[in-house]
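Heads up, the chain below is alone and in the form predicted alone; it's given as structure tokens.
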Amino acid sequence: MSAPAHPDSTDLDRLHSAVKREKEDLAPETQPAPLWAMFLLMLVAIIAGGQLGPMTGGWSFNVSNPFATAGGGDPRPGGAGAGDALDPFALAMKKGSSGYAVCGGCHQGNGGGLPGQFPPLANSEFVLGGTERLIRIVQHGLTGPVTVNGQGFNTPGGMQPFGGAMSSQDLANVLTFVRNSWGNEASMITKEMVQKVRDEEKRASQWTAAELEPFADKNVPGDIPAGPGATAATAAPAPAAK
């Protein structure tokens, strides 16, 4: 008996495989909506929205904002009105705690530093002393040996300056946080105080402890907002060094 002209036509497995690869026909009631119907629905929605706007007083973020509260304002972090309820000192402490992340790697999260290398910020005479010396340190950095709380420290490479990386407001917030954390209590440092030092001192190199000694007890003059940041002052402001 001779073989069929088309052997594949008698191979049921091959035929079934081919059928399975084909898409099943959709039932009439499950056919996708025609494009003209979708376009019509979109047109109706646009017209309806245009009519509802004037009828409801128009769109407004304050009215339509899903985050709006009964008291008004946007409660999200960084939203409109965020931080308005905080006094200047509390706001500086809140923002300064975030900015301190760039310092915590060396001085540690508890402000205790590391023996022999990174001096502590807790109960440090450099932190609680004159604000002018402290601002000059963060602005231009510090190199060489330094004695804090009776202990000697010599940071490898010295403390790097942050004046070029942080704004006057950011530096003021961090310094206010440092001066009022881990048991420290001192007056807040304002943006204007930091800017005053920046404008007067154009130093291009790091300070040494000996060079900063004349500023040890000097405070940068300037108004401090009423509140805890003012009443915690350890000394009355003194004229800036000339």
Ligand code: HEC
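Don't overthink the numbering: it's just position in the shown sequence, from 1. Keep in mind the model is a prediction, meaning the values are calculated, not measured.
What comes next is about the form predicted together with the ligand, which is not displayed.
In the predicted complex, at least one heavy atom of residue 144 sits within 4.5 Å of a heavy atom of the ligand. Shown alone here, residue 193 lies farther than 4.5 Å from the ligand in the predicted complex, counting heavy atoms only. The ligand is not shown here, and in the predicted complex it never comes within 4.5 Å of any heavy atom of residue 98.
Although the partner is absent from this view, residue 197 stays clear of the ligand in the predicted complex, with no non-hydrogen atom inside 4.5 angstroms. You can rule out all but one of 185 to 193, 38 to 46, 213 to 221, 172 to 180: in the predicted complex, only 172 to 180 has residues with a heavy atom within 4.5 Å of the ligand. If you check the ligand in the predicted complex, you find a heavy atom from every one of 155, 159 and 166 within 4.5 Å. Residues of 118 to 134 that come within 4.5 Å of the ligand in the predicted complex, judged by any heavy atom, are 118, 119, 120, 121, 124, 126, 127, 134 in sequence order.
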